[in-house]
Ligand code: GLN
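Next comes just one chain, in structure tokens: the form predicted on its own.
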């Protein structure tokens, strides 16, 4: 039996809008292919993890207060995290975690929460607290040279700038900023996105992209995943896409 290892960062503080469901989806889709996904957790105060030991590192969303607390802890591992990214460990980062891996987060009052500076983007809070990028969102992404629509739910006041390789093109919703044309950050072993929902339950192709990447990296050869019956998921996706895209508009 194949085995993969996943490190879940700060499950006690970064878990908005069902983000843990992403791990449940990965475990399920792995199990259907006789792959065991071993999940380990790290919280503040635990022994330092070796990020290079894992195939996947996952972190979910959190509010500004949680980010401020966790920034201090994460910065202890800045060099180790950068090294693991460069060596190919897969990172799935949702909302607050997405922001923490950039240069910084600037709050409404001008306070700066330092980021890990793994990537060059940065985030600044919208001046008006009452205005947020909130609602359903659809983006067009390319995974393994195949385009697919990715569906999720966004709820963020932070506006992310200087993203050189976005996750996808916004078809409906906001994205990295109010009425933006781009959403998230992407490289072959990193998906950083504002999409909750959880992301992977609405987008099985994204889950399979992660699993396939990790298996190919681990075994150093091409992998063809067994096809799963996603009829229910695809029917649900079709209904959502028809509803969201029939009258393309930006929701603010």
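Residue numbers count along the first chain shown, from 1. What you see is a predicted model, and the numbers here were worked out from it, not measured in a lab. Throughout, rigid core stands for the largest set of C-alpha atoms superposing within 1.5 Å between the two forms.
Although not depicted, the form predicted together with the named molecule is the subject of the following passage.
### Message
With the partner left out here, check for me: in the predicted complex, does some heavy atom of residue 135 sit within 4.5 Å of the named molecule?
### Response
No, residue 135 stays farther than 4.5 Å from the named molecule in the predicted complex.
### Message
Can you work out whether residue 114 and the named molecule are in contact in the predicted complex, taking contact to mean some heavy atom pair no more than 4.5 Å apart?
### Response
Judged by the heavy-atom cut-off of 4.5 Å, residue 114 is well away from the named molecule in the predicted complex.
#### Entry: Contact test in the predicted complex: residue 61 vs the named molecule, heavy atoms, 4.5 Å
Residue 61 belongs to the contact set for the named molecule.
### Task
May I ask you to state whether residue 174 is within 4.5 Å of the named molecule in the predicted complex, using heavy atom distances?
Heavy-atom contact with the named molecule at 4.5 Å: absent for residue 174.
### Message
Using a 4.5 Å heavy atom cut-off, which residue among 102, 152, 158, 166 comes into contact with the named molecule in the predicted complex?
### Response
Of the listed residues, the single hit is 158.
### Which of 174-182, 136-144, 93-101, 114-122 lines the interface with the named molecule in the predicted complex (heavy atom within 4.5 Å)
Comparing against the named molecule in the predicted complex, the contact stretch is 93-101.
### Message
Would all three of 51, 84 and 218 be in contact with the named molecule in the predicted complex, where contact means some heavy atom lies within 4.5 Å?
### Response
Judged in the predicted complex, none of 51, 84 and 218 sits within 4.5 Å of the named molecule.
### Query
Quick one: which residues from 191-207 get a non-hydrogen atom within 4.5 Å of the named molecule in the predicted complex?
Residue within 4.5 Å: 196, and no other.
### Task
Establish whether a shift of 2 Å or more occurs at the C-alpha of residue 108 between the shown form and the other one, with the two forms superposed on the rigid core.
Superposed on the core, residue 108 moves its C-alpha 2 Å or more between the shown form and the other one.
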